[in-house]
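As structure tokens, the next two blocks hold two forms of the same chain, structure 1 and structure 2.
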Structure 1
């Protein structure tokens, strides 16, 4: 949006097909003529339901049962030992690693949608990004369980972190398994920050609409006292953009590092350079399939068809088609390279995949991942919600088989036929896997019940602006005792924008503009200089990189020199993954905490909260507030001045007179 937006009359035609490309106008991303208030009502309404739907309760109990099952299985494993799983020599990885890679892969769509689509200005992301980010976080949580319990002695798990200890030992930073800890840990942390940061304005919406004490306090605490100040929005947008820019390489790095767990070893079928891109694209493929699988029922149950439109599903389907085709291409390149390399072991590994004892898994994988997505070439199928749902499920099954094929076939038959074996998962393996689905859906149900399911503030920003209000001059109330400032309320961004400029021209400095979403074109009107947050983020990134390199050099080359597989004690290539992850992590901390600190948040009490009308600042109203601390402020003059800017109302802010100032 620019400062001079021509108001567009909303298309309220009954046609809901926004998938048709019309070069003359942009396709609507929100249908049914929604405005700021109705978006807020629709999305908040889901979390505000008084009665918990029976279907939700049943699903919650069922998934809760599976979580119990998961805990029982983990307990049984920890108290009995890894022998309860099917793993043994030579297949030492089995279900734990298959499921880990499966879940981490699913977790890729969320941050991809939030970050990469944000950088590419794909506005359709706004109604699905919150949803996908939540999915990411829950999927990564499910993923994290598996390597943790796979180590056997769970209580020693903290050994993977570089903590000073009495043994004088440090983790081996030349091992991809340690890189994995850093990659997945950073990914989980940054995704959580990204998710939470995006949710702060929407939590404030819920706070301002909450009617019960518990909800007011809970949403109030988590929204950190957000009041839609434009000075805050300015830094918020800078921080959000930076986080997106940081998360983009992070998304690509995480599954690359996961693929290193395989590619850095020498096992035939694993030891290939194609693995990182092949894993990343597969992760995006499965992640988008999972998004589709969740969003199709959700949009129906919560009547979100006007936000998650046919065009959204169509876009997701296209991404699945593209990534699925790349995955298919990667499968064929793997076969080609096995033949072309002339390496007998490599050739055998792939022949064994396609024709050996696990060929049923291989061909299930090829069917689900390569053949099934090709249906998405058809426009009819992309518009058929049921078909999309079935394809999404099949893709997820196929991607699980992909990880099964990679882990099992290569390990069960490596170089030496005398050490070959066969892997069969046990009932504990299966029930643990099933249990993580319970955990995933359990958390997801909690999310859709209590949290804003869509990024309302972002959706509002892509709505067409309403017509500017006709000129008006509301009445100014009498000046109260202990006046802390004055606020004027506006109903549309354009009048609001002009008002902000006028307030500044009038010579006020201690004033602020408040809005439900970042209104563009205000920075200049308000005289806000560009935020210096990027410098802080750069500093954070640099210190992360320096810390990463210093940590690996000191621990592995100086304090605990230990030769492993003849590798040098410190080598830059092996030090890159961990340094990279720490760079991203610290820069993201800089963006998130820097944004909060510069905005002086959390701040739970603010004079504007004294106004009842101000509660709509997180819904559909725009406010200009002038602080009594401003040298030019005088209640007698400032009130009428604000009234002259065509607001809906003007109000003075004062605490109860008895409390005074």
Structure 2
């Protein structure tokens, strides 16, 4: 296959003026006058480096060493037993559950930035959402390690899943520990789908710029044949919006369910209704602090100050200040309710936290989570990158101490002094926890080295549109044999929009528009109907809810009727968490796989790929293509018509006989 083209020489550089519709709110999101091409060059250039930076190699080796340490500690635990940990009676939950809750909290900010800020149309999220999404997935992977190894006999872990087994029994679906499996599993899956779907257009950019066969194949496979078609963008935006809408309640549910591990018990200091909102806010608090810890070094090492600006850091600092204040308020409410309740055990539990053997951890928590964030009231502090980095570290230290205080103080001293004990983590506890940091940073380093660390398509969408280029009429090349269609290339969205409208007015129906980001206003011009994806998502959600209810009814009331404290075999309130998680999970599957099916992806070959110039569609160019199968297509008439739309070039796509296609 070959493509013939006659380009037109023209100055088509986009405007360097970085003002947009609302300069006061959006002018400082991307600095240094970046345009569509320079955004692609800057971000893709990080993954395209031929020489890996020495600092990256050192960090990768160090984190790899910690991963090896983690594997050794897990192996030692499996072969020796849980006695290598510091857990005892009554402190049966130690570092494993403390670190599980800590890592789940770290993963909360990713979905918040990507989903909730997207729904509120906060444009400042575009430069940092990819960081946060990756952080979410890696943090949840670290979190999942601890419950798995905490069961002791790891080879029996499949018992916690709703699978028939040789014991003839099912998990207890009325237990919040089982709810955790569904909540965290659903959160990890939906976050992975959200992250990957957002990367598909950017992976196509790396594919089209690849200089080696290995990279071209790898990026080509994972980009699924994405070619920037507006019909694809239309369904993509619908699916992305639906995933964001599904992920928003999921953010609230995951850490609420985690808090139920504590709140549904009868242990002093745990049995409180404030835990669900308290845990959710604390997770957002620590998650945004981790975003700062990652993004501040990355913007310096990879020269991303133009994209992660002072405004981005200021907004993150404001959120940390607000959530930190709410966390401090929750601490005071806990103390007040312990006093106001008149319950002697609750009063003692909170006095023990502040004045008992773990008071050092309690006051470290208060200092890091309540006192330190108050410095962010100062605008000067919020503009000081080093100060923000130190505050972010202290916040995460404080949030780890919070989980430590919650778990150990309540378990070590409960109702009976005769059963009190003291918990001291062992060297295995500490090294296992340290190893999860190695895993987290190891995965993050791989991400920033080989994948687009920023959402290029979203960053381009908030840039000011360049001025339309002066009208010109390029020469039309001769019609080749075996013509498959014709494409016209444009440099700016406005001329591109007008051209799409003119093509449809001319009577063409079998045509498409291609762009590096979704250009709004083309649906009506191209005659694109509303997507049916919402119906598919709704059907998926109903299927998940029905499956969740049926599974719990069958296992609890039919196959394994087990009476617990006189409770009914099947009750709707206890069935809601699992049913809710499966509803979100199946609806997310409907959005993601429905988008791929509607766009007929993956499709690794398309006639438009015959054009060498078409590769710039994922960088900074806009194309209109008319298929030769269109009834109005005429080799003699279609080319001159496209040339009359003021494109940069017009070309015919043709089949080369030598290739035998």
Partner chain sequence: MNDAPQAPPGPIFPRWFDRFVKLLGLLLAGGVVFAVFMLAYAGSPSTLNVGYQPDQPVAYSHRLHAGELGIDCRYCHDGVESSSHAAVPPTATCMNCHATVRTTSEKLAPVFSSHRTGLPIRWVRVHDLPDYAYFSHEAHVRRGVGCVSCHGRVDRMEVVYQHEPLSMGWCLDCHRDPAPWLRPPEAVTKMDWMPDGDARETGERIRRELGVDPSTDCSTCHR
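Only a predicted model underlies this, so the values are computations on that prediction, with no experimental measurement involved. Residue numbers count along the first chain shown, from 1. If you superpose the two forms and keep the largest set of C-alpha atoms that fall within 1.5 Å, you have the rigid core.
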| item | value |
| --- | --- |
| Form selected (criterion: the form predicted in complex with its partner chain) | 1 |
| After fitting the core, residue 80 CA displacement of 2 Å or more between structures 1 and 2 | no |
| Residue 271 C-alpha relocation of at least 2 Å between structures 1 and 2, rigid core basis | no |
| Residue shift check between structures 1 and 2, rigid core fit, residue 303 Cα at least 2 Å | no |
| Following rigid core superposition, Cα shift of residue 566 between structures 1 and 2 in Å | 3.0 |
